[in-house]
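A lone chain, given as structure tokens: the form predicted alone.
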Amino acid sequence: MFGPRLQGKVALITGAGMGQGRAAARLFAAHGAQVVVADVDAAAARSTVDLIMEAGGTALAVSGDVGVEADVRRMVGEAVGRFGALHILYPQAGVLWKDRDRSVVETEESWWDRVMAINVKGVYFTCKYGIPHLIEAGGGAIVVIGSVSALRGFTLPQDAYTASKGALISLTKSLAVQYARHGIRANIIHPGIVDTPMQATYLADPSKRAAFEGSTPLGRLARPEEIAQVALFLASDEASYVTGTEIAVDGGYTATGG
């Protein structure tokens, strides 16, 4: 059994009101981190905090839209105001709207812009206001959530989402190089299909679920906790020599090559 791997650290996790974000918030807290649970849904953020507190952890709920700069600046300010520092940024809030995000010839500009605002600008704003505090703390870790969608083409397109996740690969590598001298590491995780509320409507179709399971060598979907475990490693000092890298957590999906 591992001991507390994030003892004394303060972690800001966006999109932590449900799914992968909630799983990470609970896991990080169980390993000693003081967790700032950020979500656009204030009630969902408080619910995650309640779960952490009931388990004996320490957490703060903050709410705001990661696509709005003023909201992110405020949330980072609230985090530092409460805990006095930041050591880990996990800007994992993201959206995938399969009903509105299709090919470039079908997707409305307003929906394209909204996907980019949440998925890309959300990371940009979190880093813009969070990195100075990581520097002040003497270093830290940034964990970004990409997607296997950024690594493969699909016959059923979701082009805004795919483009947003591709942009995050380049941004992560740039952050890793820029801030290494400050003791800050930046890495990106590419999940495969994860059984979360974001995918629930799509996966309610048994044929679609079966298709995803069948195309994955491990034969099943990922659990949110499995993504969180990789994020925990990257956020911890155990990954002290890991930066600028991509890790696919996809049950072998991208290894099939097509």
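These numbers come from a predicted model, not from an experiment. Residue positions are given as counts along the sequence shown, with the first one as 1.
The form predicted together with a small molecule is left out here; the points below concern that form.
Engineer: Contact with the small molecule in the predicted bound form for residue 69, defined as at least one heavy atom pair within 4.5 Å: yes or no?
Structural biologist: No.
Engineer: Please tell me whether any heavy atom belonging to residue 146 falls inside 4.5 Å of a heavy atom of the small molecule, as the geometry stands in the predicted bound form.
Structural biologist: Yes, contact at 4.5 Å.
Engineer: If you check in the predicted bound form, is residue 242 within 4.5 Å of the small molecule, heavy atoms only?
Structural biologist: Residue 242: no, not in contact with the small molecule in the predicted bound form.
Engineer: Spell out, yes or no, whether the shortest heavy atom distance between residue 129 and the small molecule in the predicted bound form is within 4.5 Å.
Structural biologist: Residue-level check for residue 129: no, no contact with the small molecule.
Engineer: Spell it out for me: taking the small molecule in the predicted bound form, does every residue among 10, 140 and 231 have a heavy atom no farther than 4.5 Å from it?
Structural biologist: None of them does, since no heavy atom lies within 4.5 Å of the partner.
Engineer: Name the stretch, out of 179-187, 157-165, 79-87, 130-138, where some heavy atom lies within 4.5 Å of the small molecule in the predicted bound form.
Structural biologist: Result of the contact check: 157-165.
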